[in-house]
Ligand SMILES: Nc1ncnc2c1ncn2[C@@H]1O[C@H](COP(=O)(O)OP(=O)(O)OP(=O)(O)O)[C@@H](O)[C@H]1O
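Presented below, as structure tokens, is a lone chain in the form predicted on its own.
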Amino acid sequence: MSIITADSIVKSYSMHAENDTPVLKGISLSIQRGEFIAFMGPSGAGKSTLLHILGLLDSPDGGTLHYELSGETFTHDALKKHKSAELRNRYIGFIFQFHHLLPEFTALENIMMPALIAGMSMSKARSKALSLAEKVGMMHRCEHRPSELSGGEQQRIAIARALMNDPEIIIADEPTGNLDSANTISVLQLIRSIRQERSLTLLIATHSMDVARMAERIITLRDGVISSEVNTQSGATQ
């Protein structure tokens, strides 16, 4: 069953008053529930833009998106902006290369934030955040602020935050791009184990073939289009 279906997605950005720069040029793909997909390609190929659109952080200029979430069907072009934000908060967790932790809050408070935005009580959010901190091996750092954490520790907190609302989809944009090799392996193992445990749909943009090989499908973008797809389970290439 498809959790996301994208049909002919196009996106351009205005770099100058008179010229639009096309970034995505008709992307169509179907993402199955529980699937792990890695998006590869050179810088500027459109990987991050596509993930942001699939994750409801951005809107396409054309094409359609269909979501099947908790038994309900949503069509992106029919969603109002506030509804997109609500769906994003409820169903999608994000992990970014540079963490985007809020510097004025502790690690635990950062983990709690999505649940508080969704209306969960402070006591329940704290209890759940503590459980997630333990899950990612960060109980001993809960009261530290992001500036007091290493890159690997910050990313573990970001992973816990992404899981706070029990999302159906995790979107990770270069989640290991800012980490050394030891932390890269550690964070990847953590993401993979949590994904398998929770049967999450996982979409990762990466430049690393080591990261991509962990996925079930590798989709390569080039110049705003899908240039190839590889099923890593069967070895089949499209």
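Worth saying up front: this structure is predicted, and the values here are computed from it rather than measured. Quick note: we count residues from 1 along the sequence shown, nothing fancier.
Just so it is clear, the following notes concern the form predicted together with the named molecule, a form of the same protein that is not shown.
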Whether Gly62 contacts the named molecule in the predicted bound form should be assessed with a 4.5 Å heavy atom distance threshold; does it?
no
I'd like to check something about Ser70: if you look in the predicted bound form, is any of its heavy atoms closer than or equal to 4.5 Å to a heavy atom of the named molecule?
no
Examine Thr49 and determine whether its closest non-hydrogen atom to the named molecule in the predicted bound form is within 4.5 angstroms.
yes
is_contact(Ala45, the named molecule) in the predicted bound form, heavy atom dist at most 4.5 Å
yes
Checking a candidate spot here: are Arg33, Leu202 and Glu229 all in contact with the named molecule in the predicted bound form (at least one heavy atom each within 4.5 Å)?
no
62-70, 187-195, 209-217, 35-43: which one contacts the named molecule in the predicted bound form at 4.5 Å, heavy atom to heavy atom?
35-43
Which residues within 173-194 place at least one heavy atom within 4.5 Å of the named molecule in the predicted bound form?
Glu174
